[in-house]
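So this first bit is one chain, no partners, the form predicted on its own, shown in structure tokens.
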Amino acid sequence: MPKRRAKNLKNLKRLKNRCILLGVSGGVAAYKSVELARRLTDEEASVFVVMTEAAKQFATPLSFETASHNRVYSSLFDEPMAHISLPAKADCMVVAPATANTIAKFAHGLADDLLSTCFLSFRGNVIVAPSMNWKMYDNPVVRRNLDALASAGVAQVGPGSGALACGEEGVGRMAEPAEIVEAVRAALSEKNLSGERVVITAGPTREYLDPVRFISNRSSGKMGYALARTARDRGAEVTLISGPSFLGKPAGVAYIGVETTSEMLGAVTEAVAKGATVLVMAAAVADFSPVRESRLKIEKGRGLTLKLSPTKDIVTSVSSSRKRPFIIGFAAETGSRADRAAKKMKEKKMDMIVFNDVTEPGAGFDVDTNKVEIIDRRGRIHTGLMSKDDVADAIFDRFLEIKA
């Protein structure tokens, strides 16, 4: 099979060289937007910050200049054409925090400061992250204003629920910076998976010995969750079937939680039967289960002889069905055993398999990076070490090349 590197795949680093216009209005959550500016900059985006005068009461322009490495703007008159030039070069506009006052200005077309005039002249994707007291957020007037923005194509992220600055609790906390960055990635992603119905498995499965003990593996689910986010961002309808994981459920995907291999098999079979076009088996499914599961906790004694039997193979079950989707499997191995993965792909009638050596630094369990070899019947692609989000992009890029 011919081999090549993934360095030319076009979707890697979706925010690299993108220009983000970050609006900061006068809410106490403005301090979190300094972290947001830093995260966007770390993603290799160019970030230009526009602050309202009220925002300066909660965070300093110097903080944002340090985080973004760019000048901060706030006045309509320091640079009279800034409300035209800043939006003209931006790929996405994010307003975080978006106070009730700023939301009202946007909804009614008011333009009395630099931020509101930038909003009116911008012609790209706009994301607002509301932040206010829960009573204000519940006010019908605020909700109507948000609905008006949504009908104009403005995306909303958050707010979350929890303790508020006023000491009360409720819905009104600004979304966390990581969640907002995720929304920016989604807004700027090419929707080249639109029309695809993608089922993705993630995490480990558990096979119980008794009500309190089980055998499992070290999978965190990070690769599968990255695949789910990426497929969603690129326009697919996504179902994520996950074994136990500490990761938060990705927004905008159908989520099904399972524990055992048989539960995952049932969930995958049902999801595929509903018309899935792609199945990505990123879960670390248990290969064996105890022959017998004790109904009571096994007492500690002189020792235990554990008899295991093979679990039913999910990929084989799906690949032998009459209306099967495009199947992408994973092979986590210890050592350079890519040929073993290629053999597995053929035997189980997969269309593609992703091999990784979990003993490689940065490519094992519980890390945010991976280094894989994407294998299909046309050839092999080596990604090199990169983030799991970028690996997910590389996998779907290859899927689209094959489909074309």
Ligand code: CTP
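Just so it is clear, the model here is predicted, and its values are computed rather than measured. The term rigid core refers to the most C-alpha atoms you can superpose between the two forms while keeping them within 1.5 Å. Residue positions are given as counts along the sequence shown, with the first one as 1.
This protein has a second form, the form predicted together with the ligand, left out of what is shown; the following refers to that one.
**Message:** Taking any heavy atom pair closer than or equal to 4.5 Å as contact, tell me whether Phe330 reaches the ligand in the predicted complex.
**Reply:** Phe330: yes, in contact with the ligand in the predicted complex.
**Item:** is_contact(Lys348, the ligand) in the predicted complex, heavy atom dist at most 4.5 Å
**Value:** Close contact exists here: in the predicted complex, Lys348 approaches the ligand to within 4.5 Å, heavy atoms only.
**Request:** Tell me, yes or no, whether Glu270 is in contact with the ligand in the predicted complex, where a contact means a heavy atom of each within 4.5 Å.
**Result:** So Glu270 does not count as contacting the ligand.
**Prompt:** Could you tell me if Lys297 has a non-hydrogen atom within 4.5 Å of the ligand in the predicted complex?
**Reply:** Flag for Lys297 set to no.
**Request:** Would you confirm whether the three residues Val285, Ile314 and Lys344 all fall within 4.5 Å of the ligand in the predicted complex, going by non-hydrogen atoms?
**Result:** Judged in the predicted complex, Val285, Ile314 and Lys344 all sit within 4.5 Å of the ligand.
**Request:** Have a look at Met93, Leu227, Met281, Ile241 for me and say which one sits with a heavy atom within 4.5 Å of the ligand in the predicted complex.
**Result:** It is Met281 that has a heavy atom within 4.5 Å of the partner.
**Asked** Tell me, which of Lys371, Arg340, Lys56, Arg38 has a heavy atom within 4.5 angstroms of the ligand in the predicted complex?
**Response** After the contact test, the surviving option is Arg340.
**Prompt:** When the ligand is placed as it is in the predicted complex, which of 304-312, 160-168, 109-117, 247-255 ends up with heavy atoms within 4.5 Å of it?
**Reply:** Every other range fails; the passing one is 304-312.
**Core-aligned C-alpha movement of Glu347 between this form and the one not shown reaching 2 Å** = Passes the 2 Å threshold, so yes.
**Asked** Core-aligned, is the CA shift for Ser75 between this form and the one not shown 2 angstroms or more?
**Response** Where the cores coincide, Ser75 shows only a C-alpha shift between this form and the one not shown that is less than 2 Å.
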